[in-house]
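One chain follows as structure tokens, the form predicted on its own.
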């Protein structure tokens, strides 16, 4: 009976908050949080409505020097609560504000990666299917500012101009991946669909989920008539992004998985629009 009473007393005692204990080492940790949290989300579409996606999420805050640790369960609670509604830049700002509030943090940041599907029509037969794109929402927030970054990875076909020039027959081609991140002026929106379309237009030809024979002929001939180095694609993407007045910052990389080499080649550029 005494042991039962003792157990009952212990169950009624407040549990110690070890993470909130004072720390005397004087080190503010720049980022602490949860990584690779997988949750379903809802992403807004340009054509109205939203689509479901499975996201891989990192959420972190700055930990003040006087706290020993943070409360990891609160990160997941914040993510789950906001995952019940369509997510865009505004919701991410609210999510980070809530994370800062619940965790008593000066700043917070989020990385949310997901697959986004866009229906594409084949160039000759118009056969339709969905092509998947790796997309990214990133947000950073402190007391003074919120910064949102949209990222996409877009596959394109690249045909080598040098190979075409020096060969009697044909030219080698390969798939390349263009990775773009953009930031816009406050209140401006760039939809995933528009950014994908802008990037795809810069390849030797596009990549499609379904191609009939007529389509394959069209894609092959289009690439042959429009040869590009990886440097050409990068410069063309940069020029297109510079031409969009909504964009204040961008980062672009193009990686070509070479078909006649056992290595890839790449080009990279980052720019910020001067006021």
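Numbering follows the first chain given and starts at 1. Only a predicted model underlies this, so the values are computations on that prediction, with no experimental measurement involved.
A second form of this protein, the form predicted together with another copy of the chain, is not displayed here; the remarks below concern that form.
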{"query": "Answer range among 187 to 195, 85 to 93, 131 to 139, 144 to 152 for contact with another copy of the chain, defined in the predicted bound form as heavy atoms within 4.5 Å", "finding": "131 to 139"}
{"query": "4.5 Å heavy atom contact, residue 182 to another copy of the chain in the predicted bound form", "finding": "no"}
{"query": "Contact test in the predicted bound form: residue 104 vs another copy of the chain, heavy atoms, 4.5 Å", "finding": "no"}
{"query": "Heavy atom of residue 46 within 4.5 Å of another copy of the chain in the predicted bound form", "finding": "no"}
{"query": "Non-hydrogen atom contact residue 74 with another copy of the chain in the predicted bound form at 4.5 angstroms", "finding": "yes"}
{"query": "Stretch 244 to 258: residues contacting another copy of the chain in the predicted bound form, 4.5 Å heavy atom cut-off", "finding": "255, 257, 258"}
